[in-house]
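Only one chain is given next, in structure tokens, and it is the form predicted on its own.
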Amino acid sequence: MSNSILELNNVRISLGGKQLLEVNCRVGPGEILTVMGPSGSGKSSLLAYIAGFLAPVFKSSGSVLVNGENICSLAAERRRVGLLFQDPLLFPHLSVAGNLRFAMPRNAQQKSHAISEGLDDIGLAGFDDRDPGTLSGGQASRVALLRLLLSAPNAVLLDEPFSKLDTQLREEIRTLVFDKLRASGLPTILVTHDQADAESAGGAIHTLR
């Protein structure tokens, strides 16, 4: 279980001379901060800045601290920030287990056991050798979540990961994701247009104007 803390200090992002946002916040272990705002307000740009792949066309400043360490100077792959997007983005040429194994730290021991145990935990026992193309939307979302957790991140970013699911499945996957992230003690930032997502997350809400 993680006990990480994510802090954004004076994070500012501008485009074309216009400031899109300024954010100061602290997200503790297992907490979920929801960021809401209209299209173009900079929600996804904020996540890109934290993760380390904000496009050069944006001007940005401010620090992103994970457990007191400023990660802004680190390459994206070294920041240990997990992401979930609208699409599961599973590798089509790898099996379910292959997708999960790819994300795990190189020094992780007993990978096969961890994968089988993880699949059982999310209700997909025996799916190790399945082709991702044969999964339903809900099953693919579950695999994407497990892949994130097995990558051992210190913080998590959610970029409207439920927006393409139908209403019933959305509620089911949303509950699963939030429960797992809270149980893992991971500080999380959720970007969404949906008030129901924010209410289910149960944490503070930061609204961008």
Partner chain sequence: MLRWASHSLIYLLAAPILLGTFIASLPAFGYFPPLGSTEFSLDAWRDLVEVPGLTRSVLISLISGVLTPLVSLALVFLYLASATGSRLDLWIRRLVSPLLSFPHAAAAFGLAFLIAPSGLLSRIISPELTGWDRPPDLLIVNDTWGLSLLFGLIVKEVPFLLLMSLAALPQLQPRHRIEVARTLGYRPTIAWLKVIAPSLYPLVRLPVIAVIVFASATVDVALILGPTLPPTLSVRVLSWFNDPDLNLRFLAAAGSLLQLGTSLLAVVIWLALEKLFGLLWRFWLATGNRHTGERLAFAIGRSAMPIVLMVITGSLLALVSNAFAGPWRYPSTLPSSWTIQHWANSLSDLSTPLFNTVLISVSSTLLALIIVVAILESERQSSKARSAPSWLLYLPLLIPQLVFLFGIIVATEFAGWQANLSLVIFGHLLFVLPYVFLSLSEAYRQLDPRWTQVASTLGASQLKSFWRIRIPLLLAPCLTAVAIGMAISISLFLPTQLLGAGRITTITSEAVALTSGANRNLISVWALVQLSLPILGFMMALFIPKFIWRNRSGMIETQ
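Positions refer to the first chain, counted from 1. Note that the structure is a prediction, hence the values are computed from the model and not measured.
The form predicted together with the partner chain is left out here; the points below concern that form.
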Exercise for the section: Give a yes or no on whether every one of Leu6, Cys25 and Val66 sits within 4.5 angstroms of the partner chain in the predicted bound form by heavy atom. Expected result: no
Exercise for the section: Indicate whether Gln139 is a 4.5 Å heavy atom neighbour of the partner chain in the predicted bound form. Expected result: no
Problem - Partner contact for Leu89 in the predicted bound form: the partner chain, 4.5 angstroms, heavy atom - result: yes
Practice task
Classify Gly123 as contacting or not contacting the partner chain in the predicted bound form by the rule of any non-hydrogen atom within 4.5 angstroms, answering yes or no.
Solution key: no
Handout entry: 4.5 Å heavy atom contact, Ser116 to the partner chain in the predicted bound form
Key = no
Fill in the blank from the handout: Contact check, 74-93 vs the partner chain in the predicted bound form, heavy atom within 4.5 Å, ordered by sequence, gives Ala76, Glu77, Val81, Gly82, Leu83, Phe85, Asp87, Leu89, Leu90, Phe91, Pro92, His93
